[in-house]
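In structure tokens, the next block holds one chain alone, the form predicted on its own.
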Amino acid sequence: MSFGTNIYNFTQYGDDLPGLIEFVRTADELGFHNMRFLDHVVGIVAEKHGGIAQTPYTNKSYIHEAFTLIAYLAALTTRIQFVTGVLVPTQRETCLVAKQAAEIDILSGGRLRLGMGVGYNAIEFETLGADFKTRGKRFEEQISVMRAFWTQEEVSFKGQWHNIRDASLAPLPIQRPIPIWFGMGRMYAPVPTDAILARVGRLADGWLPMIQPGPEARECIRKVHDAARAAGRDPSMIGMDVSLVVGDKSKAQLIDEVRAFRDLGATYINAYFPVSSPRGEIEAMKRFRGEVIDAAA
């Protein structure tokens, strides 16, 4: 089990790019395994759309374009893996996403993991000219197309949304294919539907659930594993990247939660530091690294 963190709070700090860069570089130097990046192409003026209930990201959130930011940070780091958490391919042209991801993988030396999801904000889809209603089925077809482009020198594909005749990407990525992990759930609704869990089992290299240790989490994992076996896949090959809210919890409490996630079968733990500044993020990350990670090993 490895530990990572994220830049989610930086949406609240304004346009502090130097602070964000320092945070990511410090995580790299401290030996954190991965860093998660948000993806929202546009910000919604929530009060003009009935509030867009339960969305934490609006036109007031500072969110850099994920692929561009990761490409920049790849040149400033050496070890840390970059994770989109999560990218919404159903709002984009599939072959372009495949090309951009392949280029990031090359520039970073194979340090990309694509966390992807179907999206939840219909206004964003409308703004980007994408169909919200068909996003689930299109998402599944996109997965097949991208994996083909990352592993084959000649691609032909006929589907509902894609008609590809003898095309290819060059250069191909280092990872063939680039790992695709499915993101799902929200803080207020962490348990995914059965259909989403089945999709993980059938198609994903891993998943990024919001579930916490307990009976509900174990039931979700069982459903994923059942779907994997039904699809002829080995459930043990499907990774799980979970979230741990650090906050003001005691060292003992955090160690207990880390061990509970390990017992649940987590591959990665994404530590979330709810603080109020870039400097606070860095200090919280250092404390977590020194007080919790080594002790919980």
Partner chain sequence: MKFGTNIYKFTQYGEDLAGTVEFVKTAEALGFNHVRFLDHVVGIIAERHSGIMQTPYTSKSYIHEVFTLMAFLAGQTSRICFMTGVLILPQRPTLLVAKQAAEVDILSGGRLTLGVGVGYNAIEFRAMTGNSGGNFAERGTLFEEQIEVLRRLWTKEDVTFKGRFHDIQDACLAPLPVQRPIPIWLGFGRRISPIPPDKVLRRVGRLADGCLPQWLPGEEARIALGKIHAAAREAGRNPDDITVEMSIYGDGRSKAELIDDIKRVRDFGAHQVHIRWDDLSSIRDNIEGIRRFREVMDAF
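Positions refer to the first chain, counted from 1. On a predicted model such as this, the values are computed, not experimentally measured, just so you know.
Form predicted in complex with the partner chain: not shown, discussed below.
When the partner chain is considered in the predicted bound form, only one residue from I211, V118, A71, I143 comes within 4.5 Å through any heavy atom, namely A71.
When the partner chain is considered in the predicted bound form, only one residue from A217, A148, V86, C95 comes within 4.5 Å through any heavy atom, namely C95. With the partner chain omitted here, the record of contacts in the predicted bound form names 157 to 165 of 78 to 86, 201 to 209, 157 to 165, 218 to 226, defined by a heavy atom within 4.5 Å. Taken together, P190, V246 and R289 are entirely out of contact with the partner chain in the predicted bound form: none brings a heavy atom within 4.5 Å. Contact check for V45: a non-hydrogen atom falls within 4.5 Å of the partner chain in the predicted bound form. Using a 4.5 Å cutoff between non-hydrogen atoms, L17 counts as a contact of the partner chain in the predicted bound form.
In the predicted bound form, at least one heavy atom of Q100 sits within 4.5 Å of a heavy atom of the partner chain. In the predicted bound form, A195 stays away from the partner chain, with no heavy atom inside 4.5 Å. Shown without its partner, the chain has T127, L128 in segment 127 to 143 as residues with a non-hydrogen atom within 4.5 angstroms of the partner chain in the predicted bound form.
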